[in-house]
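One chain follows as structure tokens, the form predicted alone.
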Amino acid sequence: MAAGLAARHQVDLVECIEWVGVECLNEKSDRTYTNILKQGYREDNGLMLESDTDEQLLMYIPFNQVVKLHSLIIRAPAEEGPKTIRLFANRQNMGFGNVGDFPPSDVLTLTPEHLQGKPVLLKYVKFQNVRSLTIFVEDNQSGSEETKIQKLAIIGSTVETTNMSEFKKVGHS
């Protein structure tokens, strides 16, 4: 019974991010995704991710193991914080030109209250076997040209893979 409880335990998945593969399109060169994802940086409200040419951001986050996603914790300014976020599980090589071609796994419509660091629940059934997460920030709260995010934490659990060597062969002659 204890193992079942542990499997449902939700944690910050920052240790599961495959950092060399993370990408963010339309970020300012001095205000990048590192500021909102990495521990230490994301706790400093002065550091943030900021969009460059318009309000949209497209972030690709691969994981170093299969995970289940439960919620996102987002902290952002009330005016420039994200409003509509489309999430795509296991969808690689997306760009602004084709992001509308694929159905999202979930769509979040955030209010200023969501941007205060409280967990925003995801459609858990859509995020059970996730190797990567693509986050498309479509617009922001005020409709301005800049979107700013101070913290993004991905909450969930790891998926334990079955070790087939532990099983005994049956019926071999």
Partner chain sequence: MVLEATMICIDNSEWMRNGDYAPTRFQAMADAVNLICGAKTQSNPENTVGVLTMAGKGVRVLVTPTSDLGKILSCMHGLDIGGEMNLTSGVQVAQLALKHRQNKHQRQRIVLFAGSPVAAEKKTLEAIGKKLRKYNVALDIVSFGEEDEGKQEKLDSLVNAVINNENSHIIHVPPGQAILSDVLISSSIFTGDGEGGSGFAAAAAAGAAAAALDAHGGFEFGVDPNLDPELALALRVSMEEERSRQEAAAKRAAEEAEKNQTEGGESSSQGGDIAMTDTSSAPPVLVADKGPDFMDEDTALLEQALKMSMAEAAGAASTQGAGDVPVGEGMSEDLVMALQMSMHEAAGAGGSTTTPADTDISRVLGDQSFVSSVLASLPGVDANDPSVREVLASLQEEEKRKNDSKGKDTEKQG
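Computed from a prediction, not measured in an experiment: that's the story for all the values here. Numbering follows the first chain given and starts at 1.
Below, we refer to the form predicted in complex with the partner chain, which is not included among the displayed structures.
For the marked spot (71, 106 and 109), a heavy atom within 4.5 Å of the partner chain in the model of the complex is absent from each of the three residues. Within this chain, residue 24 lines the site of the partner chain in the model of the complex, having a heavy atom no more than 4.5 Å away.
Taking the partner from the other structure, the partner chain in the model of the complex has no heavy atom within 4.5 Å of any heavy atom of residue 39. Of the heavy atoms in residue 56, some are within 4.5 Å of the partner chain in the model of the complex. The partner chain is not shown here, but in the model of the complex it comes within 4.5 Å of a heavy atom of residue 33. Residues of just one listed stretch (63 to 71, 127 to 135, 112 to 120, 48 to 56) have heavy atoms within 4.5 Å of the partner chain in the model of the complex: 48 to 56.
Along 91 to 112, a non-hydrogen atom within 4.5 Å of the partner chain in the model of the complex is carried by 93, 94, 95, 96, 97, 98, in order along the sequence.
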